[in-house]
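Before any questions on binding or motion, here is one chain by itself as structure tokens, the form predicted on its own.
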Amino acid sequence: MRLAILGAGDVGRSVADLAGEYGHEVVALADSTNAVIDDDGIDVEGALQRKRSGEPVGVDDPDDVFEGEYDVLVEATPTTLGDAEPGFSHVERALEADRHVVLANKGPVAERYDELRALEDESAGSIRFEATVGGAIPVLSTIEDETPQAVTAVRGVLNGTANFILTRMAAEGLDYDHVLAEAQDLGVAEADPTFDVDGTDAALKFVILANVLSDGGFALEDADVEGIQNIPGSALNLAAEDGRTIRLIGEATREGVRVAPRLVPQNGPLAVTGTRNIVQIETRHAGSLHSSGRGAGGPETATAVLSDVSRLADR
């Protein structure tokens, strides 16, 4: 498959770098201001080297990507809330041209799911978005294999930054502000960590899951969200005395979405440590299915994107 990649951050660059291993060809790579486009295949290493050096990724206009000869648009621009732009418009243009779309960008799928599906219904192209939930963890494909109708709920830990902070607070008896500063120094937390610690990032993922289970109807504003900023270290100490710990747990059902700190058994499946994520899928016929792994990172998320591309190719 010929890939046009919008977004040259960690995920977009990793998709470009790994595409050849999956048997796909990159014909365009664009960031917000520049692009490199070649219908016969771009020089990926050259483009990535320019990006690493702080140079323009190419001399083309990003808008020209849509006029190229591509099979799949990979939408890997930063997630935005509300109108989910410009990601939503990127998807719209590709579907209107009867091209496939694979999203790593959570915004369009969480905030405008019903509109995306309506566009897909009018297109010869398809949309896939495994990478929007849990990085390399095969959450959506597992639900697809089971069929959404057979899944009753999905819950778990889907933000590595919040999980790292809670793990360190529990292990070392440290307070939130101290561990947050440590996480920022290590690069685990952003300079502005709000998106992660207030539960928004996890909520977007569980909204996507609720949309898949219900075939739409949910956006971020429908989620009940509470973050970890106000958890004192003493709460984790008290939980430990009772054989429990605290994790930021999300849950998606056909009735709604909730993300909040919850007590879980210290040795239970949801008590993953560090930056690991875990998803627990409750099914009608196969019981509870668990998948765990790294829920973020360029190469990890790129594997989910490229798995989706391969599924489209198999069709």
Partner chain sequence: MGDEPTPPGDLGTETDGGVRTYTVRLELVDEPGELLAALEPIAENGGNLMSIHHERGNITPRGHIPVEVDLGCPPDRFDDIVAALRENGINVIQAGAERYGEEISVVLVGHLIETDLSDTLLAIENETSAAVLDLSLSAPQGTGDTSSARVRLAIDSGRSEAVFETIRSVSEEKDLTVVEPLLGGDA
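Numbering follows the first chain given and starts at 1. Fair warning: this is a prediction, and the values are worked out from it, not measured in the lab.
Quick note: we don't show the form predicted in complex with the partner chain, though the next part is all about it.
When contacts are judged by a 4.5 Å heavy atom cut-off, Asp31 does not count as touching the partner chain in the predicted complex.
Taking the partner from the other structure, the partner chain in the predicted complex has a heavy atom within 4.5 Å of a heavy atom of His290. Mapping the unseen interface onto this chain, Glu282 counts among the residues with a heavy atom inside 4.5 Å of the partner chain in the predicted complex. Taking non-hydrogen atoms only, Glu120 never approaches the partner chain to within 4.5 angstroms in the predicted complex. In terms of contact with the partner chain in the predicted complex, the residue from Glu146, Glu226, Asp71, Glu182 that brings a heavy atom within 4.5 Å is Glu226. The single contact residue among Ile246, Ile37, Val272, Leu48, judged by any heavy atom lying within 4.5 Å of the partner chain in the predicted complex, is Ile246.
Heavy atoms within 4.5 Å of the partner chain in the predicted complex map, among the stretches 261-269, 23-31, 51-59, 38-46, onto 261-269 alone. Within 4.5 angstroms of the partner chain in the predicted complex, the stretch 119-155 places a non-hydrogen atom from Arg155 alone.
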